[in-house]
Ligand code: 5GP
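The chain that follows stands alone, in the form predicted alone, written as structure tokens.
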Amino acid sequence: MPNVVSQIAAAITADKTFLLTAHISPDGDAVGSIAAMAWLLIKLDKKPVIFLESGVPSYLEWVELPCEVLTTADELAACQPNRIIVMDCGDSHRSGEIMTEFLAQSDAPVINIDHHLHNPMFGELNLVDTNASSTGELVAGIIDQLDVSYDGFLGESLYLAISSDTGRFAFNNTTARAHEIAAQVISTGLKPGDFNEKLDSDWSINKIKLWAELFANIEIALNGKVAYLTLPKALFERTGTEYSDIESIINYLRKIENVDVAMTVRETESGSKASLRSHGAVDVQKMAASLGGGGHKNAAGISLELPLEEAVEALLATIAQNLVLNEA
């Protein structure tokens, strides 16, 4: 792993223009990792360009980025980077259809930085560590290798990436290294209280009412072992909200007494998309993988080409089978 970090640092030093991307519907780790990498490149007098097919979610629009975010095929087609850095993608397809096609056609070598299970190592250089708390933790290692400080927006971005994927340093994937990086960021001037104000204190009244409605409609299944929410597109249209407004609600479902698996299933243009969360020994990554998804032991996702109700049925059947296996 240290050798790969050194190779990536050398590649960054040698090249000038970089295209940065992450998975569609990016979360805090994806956006934070991209932002930290972009600020690193700026400090090194490089030229970063960011592409995110679904854009930056509204709850993270406060994140400072040193360059514009491209979102369309036409904008991407005009890019001619020396190198492409793909972050927080369990495989290259997770970057979206536009980026996947661009990767297939581009001659630019790819750096793959990720911490998901079963990454197929699609880059020329692959920094993939499933023991890392987050992709942000891996980006910090590259920053260290290049002897750049964690100050300013770079540090704030790292803090966002790591705190997002560790549940504010509360999940079991929180590593000692994650705390070390956070401590260094704080030592350079970040104030956790001010940071959390940015992340959590801009809820609209529509978002509050949506959460109230969803909490009142939580479904319990499989003898109380599963708590889930179904999220049709019409729900967000009716309430004037978007999915990013309730992305973290799944962590509250996981808090319900005796629940082993929390799940949200939302309607998409091509079918449905589910997020799964679990405790301890319950492995939702295996459940997701059996349906073509992936992720981590206690946090996983799946896209299904099924209508919402059929997707819920398929997911509950898979969860039921796996919960029996876990209890055997």
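The structure displayed is predicted, hence computed values, not measured ones. Position 1 is the first residue in the sequence shown; the rest follow in order.
Quick note: we don't show the form predicted together with guanosine-5'-monophosphate (5GP), though the next part is all about it.
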| query | finding |
| --- | --- |
| Of Ala299, Val56, Leu65, Ile50, the one that lies within 4.5 Å of guanosine-5'-monophosphate (5GP) in the model of the complex (heavy atoms) | Ala299 |
| Partner-facing stretch of 198-206, 91-99, 75-83, 221-229, counted where any non-hydrogen atom is within 4.5 angstroms of guanosine-5'-monophosphate (5GP) in the model of the complex | 91-99 |
| Residue contact check: Thr268 to guanosine-5'-monophosphate (5GP) in the model of the complex, 4.5 Å heavy atom | no |
| Ser275: touches guanosine-5'-monophosphate (5GP) in the model of the complex, heavy atom cutoff 4.5 angstroms | yes |
| Touches guanosine-5'-monophosphate (5GP) in the model of the complex: His116 (any heavy atom, 4.5 Å) | yes |
| Any residue of 216-246 that, in the model of the complex, places a heavy atom within 4.5 Å of guanosine-5'-monophosphate (5GP) | none |
